[in-house]
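One chain comes next, on its own, written out as structure tokens in the form predicted alone.
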Amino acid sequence: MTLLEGILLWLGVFSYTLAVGLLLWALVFGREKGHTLSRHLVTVGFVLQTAAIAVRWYHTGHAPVMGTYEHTLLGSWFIMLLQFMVYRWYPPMRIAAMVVLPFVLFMLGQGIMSKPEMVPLSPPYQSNWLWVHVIFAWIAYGSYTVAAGMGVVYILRDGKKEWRFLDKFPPQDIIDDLVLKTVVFGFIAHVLMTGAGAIWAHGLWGRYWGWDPVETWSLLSWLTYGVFLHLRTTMGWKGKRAAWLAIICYVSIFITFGGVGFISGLHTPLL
């Protein structure tokens, strides 16, 4: 990590942290000004994180797709991007940052605590298909994370109505609808990620699928979310059941990126 990248990243982390503090202040004391200030700080943090990614990309000569640090750096960026998209769909969901931001800070902390070395891409990974594969992977991951976060909010609000700060969220039917939309968005990105990875693998090894641990769990997680969409759209699973299902499905994603990704396999150098 270069000095400039470190400064930009730590300033971004500080902005995110301060935004969480202001959100808590606004929720506890009912200060609307805190929401406004936190939104500005989140935007500043996102810009700083984007700049840190650009600096690293410039110095390494490739997109940040190698190792734990680069994956958490890029992955948390996509989660924040999805958070902004949800906010644009429905402005009252800006309060969802209270759920998403701590998770993003956890990801960045995990990455910073690893070894943020600058590693060049080895020949097998020097492919444009890798970029497509990784970008759609993180879009899917970000979408599923936001959906699970909103599922948590739905359940808390349904079971703990005395928590006044939960009243800041939009009506339950709006949250339920946004959970479905973000899962659909992630599901489509998941399909594109798998297709790009298969094309890339065929060009390298002459086969589309190799049953690598990450490949296998990625397929299982895709099937899991396929079950979610089937139950949600065909069987009428809405509300609390759908919220729980979004959280349960997210476990498979967490295992894919945070568990089996570190088992020896073709994806190990990237994770």
Partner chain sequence: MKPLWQLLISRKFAVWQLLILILILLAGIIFPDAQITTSRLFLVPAALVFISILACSIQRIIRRDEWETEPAKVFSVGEECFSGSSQKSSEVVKEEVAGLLRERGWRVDATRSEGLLAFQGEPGFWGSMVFHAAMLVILIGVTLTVLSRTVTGFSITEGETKDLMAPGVVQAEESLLGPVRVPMRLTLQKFSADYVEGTHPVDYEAVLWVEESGRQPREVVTRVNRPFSSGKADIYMDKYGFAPRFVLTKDDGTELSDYHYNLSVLDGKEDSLELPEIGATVTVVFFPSFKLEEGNTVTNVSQEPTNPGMVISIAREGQVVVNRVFVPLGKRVRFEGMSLQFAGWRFWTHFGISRDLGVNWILVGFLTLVVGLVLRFAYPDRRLWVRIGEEGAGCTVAMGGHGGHFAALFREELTMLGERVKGVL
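Owing to the predicted nature of the structure, the values given are computational and were not obtained by experimental measurement. Positions refer to the first chain, counted from 1.
Note that the form predicted together with the partner chain isn't included here; everything after this is about it.
Stretch-level contact check against the partner chain in the model of the complex with heavy atoms at 4.5 Å: of 193-201, 68-76, 97-105, 149-157, the positive one is 193-201. In the model of the complex, the partner chain lies within 4.5 Å of some heavy atom of I174.
For the chain shown alone, F29 is not a contact residue for the partner chain in the model of the complex, no non-hydrogen atom being within 4.5 angstroms. For the chain shown alone, I188 is a contact residue for the partner chain in the model of the complex, at least one non-hydrogen atom being within 4.5 angstroms. Among heavy atoms of V227, some come within 4.5 Å of the partner chain in the model of the complex. Residues are counted as partner-facing when one of their heavy atoms sits within 4.5 Å of the partner chain in the model of the complex; in 207-223 these are R207, Y208, W211, T216, W217, L219, L220, W222, L223, in sequence order.
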